[in-house]
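Form predicted on its own, single chain, as C-alpha coordinates, below.
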Amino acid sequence: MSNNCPIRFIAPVGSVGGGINAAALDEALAQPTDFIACDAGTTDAGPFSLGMGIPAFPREAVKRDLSLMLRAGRKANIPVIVGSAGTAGGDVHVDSVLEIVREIVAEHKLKLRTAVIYAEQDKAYLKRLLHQNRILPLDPALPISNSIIDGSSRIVGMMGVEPLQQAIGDGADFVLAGRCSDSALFAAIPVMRGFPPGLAWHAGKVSECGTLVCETLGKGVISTTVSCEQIAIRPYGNGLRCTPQSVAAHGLYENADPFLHRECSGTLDLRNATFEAVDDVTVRIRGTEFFSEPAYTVKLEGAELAGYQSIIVGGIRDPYVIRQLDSWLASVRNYIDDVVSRVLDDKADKNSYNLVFHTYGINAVMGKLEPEVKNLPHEVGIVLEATAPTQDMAHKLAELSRQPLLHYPIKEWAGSITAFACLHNPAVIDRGPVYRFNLNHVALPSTPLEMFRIHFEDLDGSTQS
(Lines give C-alpha, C1' and ligand atoms only; values in the text may rest on other atoms or scores of the structure.)
Protein backbone atom coordinates (compact mmCIF):
# COMPACT_ATOMS: atom_id res chain seq x y z
CA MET A 1 0.00 0.00 0.00
CA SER A 2 1.29 3.42 -0.93
CA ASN A 3 2.04 5.93 1.81
CA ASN A 4 1.88 8.96 -0.43
CA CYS A 5 -1.56 8.88 -2.06
CA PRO A 6 -2.46 10.28 -4.45
CA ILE A 7 -0.19 10.53 -7.49
CA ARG A 8 -0.98 12.76 -10.46
CA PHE A 9 0.37 12.69 -14.01
CA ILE A 10 -0.28 14.42 -17.31
CA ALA A 11 -0.65 12.88 -20.76
CA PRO A 12 -0.06 15.92 -22.99
CA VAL A 13 -1.00 14.35 -26.35
CA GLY A 14 -1.86 10.95 -27.80
CA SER A 15 1.43 10.71 -29.70
CA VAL A 16 4.57 12.82 -29.73
CA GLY A 17 4.29 14.92 -32.87
CA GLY A 18 0.51 15.07 -32.74
CA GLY A 19 0.57 18.66 -31.49
CA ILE A 20 0.50 19.56 -27.78
CA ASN A 21 -1.83 22.35 -26.74
CA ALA A 22 0.62 24.56 -24.84
CA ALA A 23 -2.06 26.58 -23.03
CA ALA A 24 -3.80 23.44 -21.79
CA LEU A 25 -0.49 21.98 -20.65
CA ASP A 26 0.30 25.12 -18.66
CA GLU A 27 -3.17 25.07 -17.10
CA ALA A 28 -2.83 21.44 -16.06
CA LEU A 29 0.64 22.02 -14.62
CA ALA A 30 -0.73 24.72 -12.33
CA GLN A 31 -1.73 21.82 -10.08
CA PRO A 32 0.94 19.67 -8.33
CA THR A 33 2.09 17.03 -10.81
CA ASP A 34 4.34 14.01 -10.30
CA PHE A 35 5.36 13.23 -13.87
CA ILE A 36 4.61 13.71 -17.57
CA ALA A 37 4.43 10.73 -19.92
CA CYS A 38 3.68 10.38 -23.60
CA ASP A 39 3.50 7.61 -26.15
CA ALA A 40 5.31 8.19 -29.43
CA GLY A 41 4.56 5.11 -31.49
CA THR A 42 2.10 2.54 -32.70
CA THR A 43 1.66 -0.38 -35.07
CA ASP A 44 -1.44 1.45 -36.32
CA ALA A 45 0.90 3.31 -38.68
CA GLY A 46 1.71 0.00 -40.39
CA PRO A 47 4.99 -1.87 -40.87
CA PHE A 48 6.83 0.78 -42.93
CA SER A 49 8.24 2.74 -39.99
CA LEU A 50 9.61 -0.40 -38.37
CA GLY A 51 10.96 -1.88 -41.58
CA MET A 52 12.40 1.28 -43.07
CA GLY A 53 13.50 2.98 -39.85
CA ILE A 54 11.56 6.16 -40.64
CA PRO A 55 9.12 7.92 -38.25
CA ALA A 56 5.53 8.72 -39.15
CA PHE A 57 5.63 12.34 -37.91
CA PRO A 58 7.72 15.22 -39.30
CA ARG A 59 10.84 16.00 -37.32
CA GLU A 60 9.62 19.55 -36.67
CA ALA A 61 6.40 18.29 -35.06
CA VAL A 62 8.29 15.87 -32.82
CA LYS A 63 10.75 18.57 -31.78
CA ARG A 64 7.98 21.01 -30.87
CA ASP A 65 6.18 18.51 -28.63
CA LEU A 66 9.37 17.26 -27.01
CA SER A 67 10.48 20.82 -26.33
CA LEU A 68 7.21 21.66 -24.57
CA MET A 69 7.36 18.52 -22.44
CA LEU A 70 11.02 18.74 -21.49
CA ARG A 71 10.87 22.41 -20.57
CA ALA A 72 7.71 21.81 -18.54
CA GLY A 73 9.34 18.87 -16.79
CA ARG A 74 12.44 20.82 -15.85
CA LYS A 75 10.39 23.80 -14.68
CA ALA A 76 8.29 21.58 -12.40
CA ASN A 77 11.29 19.37 -11.50
CA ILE A 78 9.43 16.20 -12.47
CA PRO A 79 10.43 13.33 -14.77
CA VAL A 80 9.28 13.02 -18.36
CA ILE A 81 8.81 9.60 -19.97
CA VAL A 82 8.50 8.97 -23.72
CA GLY A 83 8.12 5.48 -25.18
CA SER A 84 8.03 3.85 -28.61
CA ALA A 85 10.27 6.63 -29.86
CA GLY A 86 10.12 7.50 -33.53
CA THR A 87 6.88 5.56 -34.14
CA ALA A 88 8.32 2.01 -34.17
CA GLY A 89 10.81 2.11 -31.29
CA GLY A 90 13.81 0.56 -33.04
CA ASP A 91 17.36 1.65 -32.26
CA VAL A 92 17.50 3.99 -35.26
CA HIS A 93 14.25 5.61 -34.14
CA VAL A 94 15.50 6.12 -30.59
CA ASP A 95 18.80 7.60 -31.80
CA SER A 96 17.04 10.03 -34.13
CA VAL A 97 14.83 11.29 -31.30
CA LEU A 98 17.85 11.52 -29.00
CA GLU A 99 19.48 13.88 -31.52
CA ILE A 100 16.38 16.09 -31.31
CA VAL A 101 16.58 16.03 -27.53
CA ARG A 102 20.22 17.14 -27.64
CA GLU A 103 19.21 20.10 -29.83
CA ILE A 104 16.44 21.10 -27.41
CA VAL A 105 18.77 20.87 -24.43
CA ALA A 106 21.33 23.11 -26.16
CA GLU A 107 18.78 25.65 -27.40
CA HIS A 108 17.05 26.05 -24.03
CA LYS A 109 20.10 25.61 -21.78
CA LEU A 110 18.62 22.62 -19.97
CA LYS A 111 20.27 20.07 -17.72
CA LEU A 112 18.84 16.64 -18.34
CA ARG A 113 19.88 13.28 -16.94
CA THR A 114 18.61 11.11 -19.77
CA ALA A 115 18.04 7.37 -19.65
CA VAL A 116 17.95 5.77 -23.09
CA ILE A 117 16.34 2.33 -23.30
CA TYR A 118 16.82 0.30 -26.47
CA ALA A 119 14.24 -2.32 -27.45
CA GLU A 120 15.58 -3.64 -30.77
CA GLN A 121 16.47 -7.31 -30.53
CA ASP A 122 19.66 -9.06 -31.53
CA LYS A 123 18.85 -11.80 -34.05
CA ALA A 124 21.36 -14.28 -32.60
CA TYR A 125 19.73 -13.83 -29.18
CA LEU A 126 16.26 -14.44 -30.64
CA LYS A 127 17.47 -17.59 -32.37
CA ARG A 128 18.73 -18.91 -29.04
CA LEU A 129 15.33 -18.22 -27.49
CA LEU A 130 13.66 -19.94 -30.44
CA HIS A 131 15.79 -23.06 -30.05
CA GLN A 132 14.93 -23.11 -26.34
CA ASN A 133 11.19 -22.97 -27.18
CA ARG A 134 10.98 -19.54 -25.57
CA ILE A 135 9.29 -17.80 -28.53
CA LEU A 136 5.62 -18.65 -28.85
CA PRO A 137 3.10 -17.65 -31.55
CA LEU A 138 -0.01 -15.66 -30.73
CA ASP A 139 -3.17 -16.87 -32.40
CA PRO A 140 -3.48 -16.99 -35.40
CA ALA A 141 0.26 -16.66 -36.10
CA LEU A 142 2.32 -19.69 -37.05
CA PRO A 143 5.62 -20.73 -35.43
CA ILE A 144 8.64 -18.88 -36.77
CA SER A 145 12.01 -20.09 -37.99
CA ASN A 146 15.56 -18.83 -38.19
CA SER A 147 14.88 -17.70 -41.76
CA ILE A 148 12.01 -15.46 -40.65
CA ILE A 149 14.23 -13.89 -38.01
CA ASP A 150 17.05 -13.41 -40.54
CA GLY A 151 14.63 -11.99 -43.12
CA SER A 152 13.33 -9.33 -40.78
CA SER A 153 14.53 -5.81 -41.41
CA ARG A 154 14.13 -5.03 -37.73
CA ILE A 155 12.61 -6.75 -34.65
CA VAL A 156 11.66 -4.95 -31.45
CA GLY A 157 10.40 -6.17 -28.10
CA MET A 158 7.59 -4.31 -26.34
CA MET A 159 8.83 -3.50 -22.85
CA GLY A 160 6.72 -3.33 -19.72
CA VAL A 161 7.17 -1.16 -16.64
CA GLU A 162 10.38 -2.73 -15.34
CA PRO A 163 12.99 -1.04 -17.59
CA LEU A 164 11.24 2.31 -17.07
CA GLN A 165 11.27 1.79 -13.30
CA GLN A 166 14.97 0.94 -13.42
CA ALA A 167 15.68 4.19 -15.25
CA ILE A 168 13.58 6.31 -12.87
CA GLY A 169 15.08 4.58 -9.86
CA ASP A 170 18.55 5.45 -11.13
CA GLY A 171 17.67 9.14 -11.22
CA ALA A 172 16.54 9.87 -14.76
CA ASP A 173 14.95 13.25 -15.43
CA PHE A 174 13.97 12.03 -18.87
CA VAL A 175 13.39 8.47 -20.06
CA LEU A 176 13.57 7.92 -23.81
CA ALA A 177 12.44 4.37 -24.53
CA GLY A 178 12.19 2.21 -27.59
CA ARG A 179 9.12 0.08 -28.24
CA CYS A 180 7.02 0.08 -25.11
CA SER A 181 3.57 -0.81 -23.88
CA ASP A 182 1.53 2.38 -24.08
CA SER A 183 -0.03 1.84 -20.65
CA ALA A 184 3.33 0.98 -19.05
CA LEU A 185 4.56 4.54 -19.62
CA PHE A 186 1.97 5.77 -17.14
CA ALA A 187 1.80 2.73 -14.84
CA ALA A 188 5.54 2.46 -14.15
CA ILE A 189 5.90 5.14 -11.47
CA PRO A 190 2.55 4.47 -9.67
CA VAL A 191 3.33 0.74 -9.49
CA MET A 192 6.87 1.55 -8.36
CA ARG A 193 5.49 3.70 -5.53
CA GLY A 194 3.14 1.00 -4.30
CA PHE A 195 -0.19 2.03 -5.76
CA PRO A 196 -2.63 -0.79 -6.61
CA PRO A 197 -1.44 -2.22 -9.93
CA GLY A 198 -4.97 -2.58 -11.29
CA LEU A 199 -5.63 1.13 -10.87
CA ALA A 200 -2.14 2.07 -12.08
CA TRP A 201 -2.43 0.05 -15.28
CA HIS A 202 -6.01 1.13 -15.94
CA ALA A 203 -5.00 4.76 -15.46
CA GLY A 204 -2.38 4.23 -18.15
CA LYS A 205 -4.83 2.57 -20.47
CA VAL A 206 -7.38 5.40 -20.37
CA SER A 207 -4.74 8.15 -20.52
CA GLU A 208 -2.28 7.05 -23.19
CA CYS A 209 -4.30 8.24 -26.20
CA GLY A 210 -4.74 11.73 -24.79
CA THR A 211 -8.06 13.36 -25.56
CA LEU A 212 -9.33 10.32 -27.47
CA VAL A 213 -10.73 9.30 -24.08
CA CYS A 214 -12.99 12.37 -24.13
CA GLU A 215 -16.54 12.51 -25.42
CA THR A 216 -15.35 14.59 -28.39
CA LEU A 217 -11.78 14.72 -29.69
CA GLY A 218 -10.17 18.10 -29.32
CA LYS A 219 -6.98 19.93 -28.46
CA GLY A 220 -6.03 19.55 -24.83
CA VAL A 221 -4.24 17.40 -22.29
CA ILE A 222 -5.34 14.65 -19.92
CA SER A 223 -4.77 14.86 -16.17
CA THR A 224 -5.05 11.60 -14.23
CA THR A 225 -4.88 11.11 -10.48
CA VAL A 226 -4.40 7.69 -8.91
CA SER A 227 -5.08 7.07 -5.22
CA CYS A 228 -5.24 3.84 -3.25
CA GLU A 229 -8.95 3.44 -3.98
CA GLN A 230 -9.68 5.11 -7.32
CA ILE A 231 -8.67 6.89 -10.52
CA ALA A 232 -9.86 10.37 -11.43
CA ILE A 233 -9.40 11.42 -15.05
CA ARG A 234 -10.20 14.81 -16.56
CA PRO A 235 -9.17 16.89 -19.56
CA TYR A 236 -7.87 20.44 -19.78
CA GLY A 237 -8.86 22.20 -22.98
CA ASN A 238 -11.78 24.11 -24.43
CA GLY A 239 -14.93 22.05 -25.00
CA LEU A 240 -13.45 18.81 -23.68
CA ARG A 241 -15.02 16.51 -21.14
CA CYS A 242 -14.77 12.92 -20.02
CA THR A 243 -17.95 10.96 -19.38
CA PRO A 244 -18.43 7.48 -17.90
CA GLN A 245 -19.36 6.24 -21.36
CA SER A 246 -16.36 7.79 -23.12
CA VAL A 247 -13.91 6.46 -20.53
CA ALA A 248 -15.45 2.99 -20.35
CA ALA A 249 -15.57 2.82 -24.15
CA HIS A 250 -11.83 3.40 -24.32
CA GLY A 251 -11.40 -0.11 -22.93
CA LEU A 252 -12.59 -1.33 -26.33
CA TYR A 253 -9.96 0.66 -28.20
CA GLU A 254 -7.25 -1.53 -29.77
CA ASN A 255 -8.30 -4.58 -27.76
CA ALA A 256 -9.84 -7.86 -28.82
CA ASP A 257 -11.28 -8.33 -25.33
CA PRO A 258 -13.02 -5.35 -23.69
CA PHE A 259 -12.30 -6.61 -20.17
CA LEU A 260 -8.94 -8.42 -20.17
CA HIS A 261 -5.83 -6.60 -21.38
CA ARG A 262 -2.57 -8.55 -21.44
CA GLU A 263 0.68 -6.88 -20.42
CA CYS A 264 4.19 -8.30 -19.97
CA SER A 265 3.79 -9.13 -16.29
CA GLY A 266 0.09 -9.92 -16.09
CA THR A 267 -3.46 -9.14 -17.11
CA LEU A 268 -5.47 -5.99 -16.49
CA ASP A 269 -9.00 -7.06 -15.50
CA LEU A 270 -11.81 -4.53 -16.04
CA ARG A 271 -14.71 -6.89 -15.28
CA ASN A 272 -15.43 -5.26 -11.92
CA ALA A 273 -14.49 -1.71 -12.91
CA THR A 274 -17.04 1.04 -12.32
CA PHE A 275 -17.20 4.45 -14.01
CA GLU A 276 -18.86 7.42 -12.33
CA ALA A 277 -19.11 11.12 -13.17
CA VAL A 278 -17.53 13.33 -10.53
CA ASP A 279 -18.48 16.58 -12.26
CA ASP A 280 -19.14 17.76 -15.80
CA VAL A 281 -15.66 16.82 -17.04
CA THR A 282 -14.20 14.29 -14.59
CA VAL A 283 -14.74 10.55 -14.28
CA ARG A 284 -13.95 8.29 -11.30
CA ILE A 285 -12.89 4.65 -11.86
CA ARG A 286 -12.94 2.00 -9.16
CA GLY A 287 -12.64 -1.75 -8.88
CA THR A 288 -10.06 -2.56 -11.58
CA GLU A 289 -7.73 -5.45 -10.81
CA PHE A 290 -4.44 -6.75 -12.12
CA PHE A 291 -3.39 -10.39 -12.00
CA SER A 292 0.23 -11.44 -12.34
CA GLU A 293 0.96 -14.23 -14.78
CA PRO A 294 3.37 -17.09 -14.01
CA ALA A 295 5.36 -16.42 -17.20
CA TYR A 296 6.76 -12.99 -18.06
CA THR A 297 6.28 -12.38 -21.79
CA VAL A 298 7.52 -9.73 -24.21
CA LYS A 299 5.60 -9.08 -27.41
CA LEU A 300 7.78 -9.20 -30.52
CA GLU A 301 7.17 -7.04 -33.57
CA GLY A 302 9.05 -7.59 -36.81
CA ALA A 303 8.83 -6.27 -40.35
CA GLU A 304 10.19 -7.68 -43.60
CA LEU A 305 10.51 -6.32 -47.10
CA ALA A 306 7.48 -7.34 -49.17
CA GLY A 307 8.80 -5.89 -52.42
CA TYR A 308 8.58 -2.63 -54.35
CA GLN A 309 5.39 -1.01 -55.45
CA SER A 310 3.92 1.18 -58.17
CA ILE A 311 0.32 2.35 -58.35
CA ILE A 312 -2.19 3.96 -60.71
CA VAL A 313 -5.09 5.98 -59.29
CA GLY A 314 -8.20 6.63 -61.34
CA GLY A 315 -11.94 6.33 -61.52
CA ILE A 316 -14.90 5.01 -63.49
CA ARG A 317 -18.36 6.54 -64.03
CA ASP A 318 -19.62 4.27 -66.77
CA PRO A 319 -22.77 2.60 -65.33
CA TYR A 320 -22.40 -0.44 -67.61
CA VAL A 321 -18.89 -1.13 -66.29
CA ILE A 322 -19.91 -0.51 -62.68
CA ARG A 323 -22.74 -3.05 -62.97
CA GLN A 324 -20.22 -5.75 -63.87
CA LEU A 325 -17.15 -4.32 -62.15
CA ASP A 326 -15.87 -7.54 -60.57
CA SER A 327 -16.01 -9.55 -63.78
CA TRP A 328 -14.63 -6.61 -65.80
CA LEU A 329 -11.63 -6.25 -63.45
CA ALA A 330 -11.06 -10.00 -63.58
CA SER A 331 -10.95 -9.80 -67.40
CA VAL A 332 -8.62 -6.80 -67.22
CA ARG A 333 -6.36 -8.73 -64.85
CA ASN A 334 -6.20 -11.73 -67.21
CA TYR A 335 -5.44 -9.43 -70.12
CA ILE A 336 -2.63 -7.73 -68.15
CA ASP A 337 -1.12 -11.12 -67.23
CA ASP A 338 -1.09 -12.08 -70.91
CA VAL A 339 0.55 -8.79 -71.88
CA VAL A 340 3.17 -9.17 -69.14
CA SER A 341 4.04 -12.69 -70.27
CA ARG A 342 4.40 -11.54 -73.89
CA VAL A 343 6.32 -8.33 -73.27
CA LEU A 344 8.50 -9.24 -70.31
CA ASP A 345 8.90 -12.88 -71.33
CA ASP A 346 10.80 -14.81 -68.61
CA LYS A 347 11.46 -11.67 -66.54
CA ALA A 348 8.12 -11.94 -64.74
CA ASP A 349 5.92 -14.97 -64.14
CA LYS A 350 2.64 -14.79 -62.21
CA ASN A 351 4.32 -15.95 -59.01
CA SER A 352 6.91 -13.17 -59.03
CA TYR A 353 4.53 -10.21 -58.84
CA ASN A 354 1.16 -9.23 -57.43
CA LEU A 355 -1.54 -7.05 -58.97
CA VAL A 356 -4.39 -5.81 -56.76
CA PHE A 357 -7.37 -3.59 -57.60
CA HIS A 358 -8.75 -1.51 -54.71
CA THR A 359 -12.26 -0.34 -55.64
CA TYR A 360 -13.23 2.67 -53.54
CA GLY A 361 -16.97 3.04 -53.72
CA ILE A 362 -17.74 -0.69 -53.82
CA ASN A 363 -16.67 -2.81 -50.84
CA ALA A 364 -13.20 -1.28 -50.58
CA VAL A 365 -13.38 -0.84 -46.81
CA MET A 366 -15.53 -3.73 -45.60
CA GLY A 367 -14.86 -6.20 -48.40
CA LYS A 368 -17.05 -9.29 -48.18
CA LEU A 369 -18.49 -8.02 -44.89
CA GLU A 370 -20.13 -5.01 -46.58
CA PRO A 371 -23.87 -5.05 -45.69
CA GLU A 372 -24.96 -2.48 -48.30
CA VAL A 373 -24.58 -4.40 -51.55
CA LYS A 374 -27.81 -3.56 -53.38
CA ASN A 375 -27.24 0.09 -54.25
CA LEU A 376 -24.59 0.64 -56.88
CA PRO A 377 -22.68 3.96 -56.82
CA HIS A 378 -22.55 6.28 -59.79
CA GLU A 379 -18.76 6.37 -59.69
CA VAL A 380 -15.97 4.18 -58.37
CA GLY A 381 -12.35 5.02 -57.59
CA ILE A 382 -9.81 2.36 -58.50
CA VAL A 383 -6.24 1.99 -57.30
CA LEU A 384 -4.10 -0.50 -59.19
CA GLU A 385 -1.31 -1.76 -56.96
CA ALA A 386 1.63 -3.57 -58.58
CA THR A 387 4.13 -5.20 -56.23
CA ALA A 388 7.31 -6.88 -57.49
CA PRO A 389 10.83 -7.82 -56.36
CA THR A 390 12.29 -4.63 -57.92
CA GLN A 391 11.02 -1.11 -58.46
CA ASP A 392 11.79 -1.35 -62.14
CA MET A 393 9.61 -4.44 -62.46
CA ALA A 394 6.76 -2.88 -60.46
CA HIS A 395 6.90 0.23 -62.64
CA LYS A 396 6.76 -1.81 -65.85
CA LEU A 397 3.81 -3.83 -64.53
CA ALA A 398 1.88 -0.65 -63.80
CA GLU A 399 2.78 0.79 -67.21
CA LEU A 400 1.48 -2.34 -68.91
CA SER A 401 -1.73 -2.13 -66.86
CA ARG A 402 -2.68 1.40 -67.84
CA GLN A 403 -3.87 0.72 -71.37
CA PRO A 404 -6.15 -2.24 -70.47
CA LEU A 405 -7.71 -0.16 -67.70
CA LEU A 406 -8.39 2.63 -70.16
CA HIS A 407 -9.94 0.66 -72.98
CA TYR A 408 -10.82 -2.92 -72.07
CA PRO A 409 -14.22 -3.47 -73.74
CA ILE A 410 -17.58 -4.75 -72.58
CA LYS A 411 -20.34 -6.15 -74.80
CA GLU A 412 -22.54 -3.07 -74.27
CA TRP A 413 -20.02 -0.86 -76.07
CA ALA A 414 -19.94 -0.29 -79.80
CA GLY A 415 -16.52 0.85 -80.93
CA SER A 416 -13.58 1.99 -78.84
CA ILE A 417 -14.47 3.76 -75.58
CA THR A 418 -12.39 4.97 -72.63
CA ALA A 419 -13.99 4.34 -69.24
CA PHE A 420 -11.11 4.81 -66.80
CA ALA A 421 -9.86 8.32 -65.95
CA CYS A 422 -6.36 8.55 -64.44
CA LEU A 423 -5.96 11.02 -61.62
CA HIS A 424 -2.30 11.81 -62.32
CA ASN A 425 -0.05 12.37 -65.29
CA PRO A 426 2.15 10.43 -65.66
CA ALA A 427 -0.26 7.82 -64.40
CA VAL A 428 2.29 5.52 -62.75
CA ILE A 429 3.44 6.48 -59.25
CA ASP A 430 6.37 4.62 -57.71
CA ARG A 431 5.90 4.02 -53.98
CA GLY A 432 9.29 2.46 -53.31
CA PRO A 433 9.88 -0.36 -50.84
CA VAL A 434 6.88 -1.76 -48.97
CA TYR A 435 6.96 -3.86 -45.82
CA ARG A 436 4.76 -6.34 -44.00
CA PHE A 437 4.61 -7.42 -40.37
CA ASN A 438 6.03 -10.94 -40.01
CA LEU A 439 5.89 -11.55 -36.26
CA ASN A 440 2.95 -11.88 -33.89
CA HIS A 441 4.76 -13.72 -31.14
CA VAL A 442 5.91 -13.43 -27.55
CA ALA A 443 9.32 -14.11 -26.09
CA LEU A 444 9.89 -15.55 -22.61
CA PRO A 445 13.02 -13.85 -21.22
CA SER A 446 14.74 -14.97 -18.03
CA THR A 447 14.20 -11.54 -16.44
CA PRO A 448 12.08 -8.47 -17.26
CA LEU A 449 15.23 -6.49 -18.09
CA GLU A 450 17.04 -9.10 -20.18
CA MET A 451 15.81 -7.90 -23.57
CA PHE A 452 16.42 -4.17 -23.03
CA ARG A 453 19.59 -2.10 -22.86
CA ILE A 454 19.70 1.00 -20.65
CA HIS A 455 22.36 3.66 -20.73
CA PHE A 456 22.51 7.17 -19.29
CA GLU A 457 23.58 10.38 -20.95
CA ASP A 458 23.94 13.54 -18.88
CA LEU A 459 23.00 16.43 -21.14
CA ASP A 460 23.96 19.94 -20.09
CA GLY A 461 22.97 22.77 -22.40
CA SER A 462 24.15 25.41 -19.96
CA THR A 463 27.79 24.64 -20.83
CA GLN A 464 27.26 25.13 -24.58
CA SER A 465 27.77 28.47 -26.22
Partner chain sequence: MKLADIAALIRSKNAGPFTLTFDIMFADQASYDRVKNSGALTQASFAKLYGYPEDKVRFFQCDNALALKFSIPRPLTQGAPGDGDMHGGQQFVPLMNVEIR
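Positions refer to the first chain, counted from 1. The structure displayed is predicted, hence computed values, not measured ones. In this text, rigid core is short for the largest set of C-alphas that superpose within 1.5 Å between two forms.
Note that the form predicted in complex with the partner chain isn't included here; everything after this is about it.
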*Which among 101 to 109, 160 to 168, 373 to 381, 272 to 280 is in contact with the partner chain in the predicted bound form, heavy atoms within 4.5 angstroms?*
272 to 280
*Answer yes if any heavy atom of residue 47 is within 4.5 Å of a heavy atom of the partner chain in the predicted bound form; otherwise answer no.*
yes
_My question is simply whether residue 368 lines the interface with the partner chain in the predicted bound form - judged by any non-hydrogen atom within 4.5 Å._
yes
*Contact of residue 385 with the partner chain in the predicted bound form (heavy atom, 4.5 Å)*: yes
*Is residue 124 close enough to the partner chain in the predicted bound form to count, meaning some heavy atom within 4.5 Å?*
no
*Only one of 148, 76, 249, 136 has a non-hydrogen atom within 4.5 angstroms of the partner chain in the predicted bound form; which is it?*
249
*Can you pick the one in 257, 338, 229, 349 that has a heavy atom within 4.5 Å of the partner chain in the predicted bound form?*
257
*Using heavy atoms and a 4.5 Å cut-off, decide whether 22, 57 and 223 all contact the partner chain in the predicted bound form.*
no
*in the predicted bound form: members of 167 to 190 within 4.5 Å of the partner chain, any heavy atom*: none
*asked:* Would residue 367 count as moving between this form and the one not shown, using a Cα shift of 2 angstroms or more after superposing the core as the test?
replied: yes
_Quick check on residue 299: with the core superposed, does its CA move 2 angstroms or more between this form and the one not shown?_
no
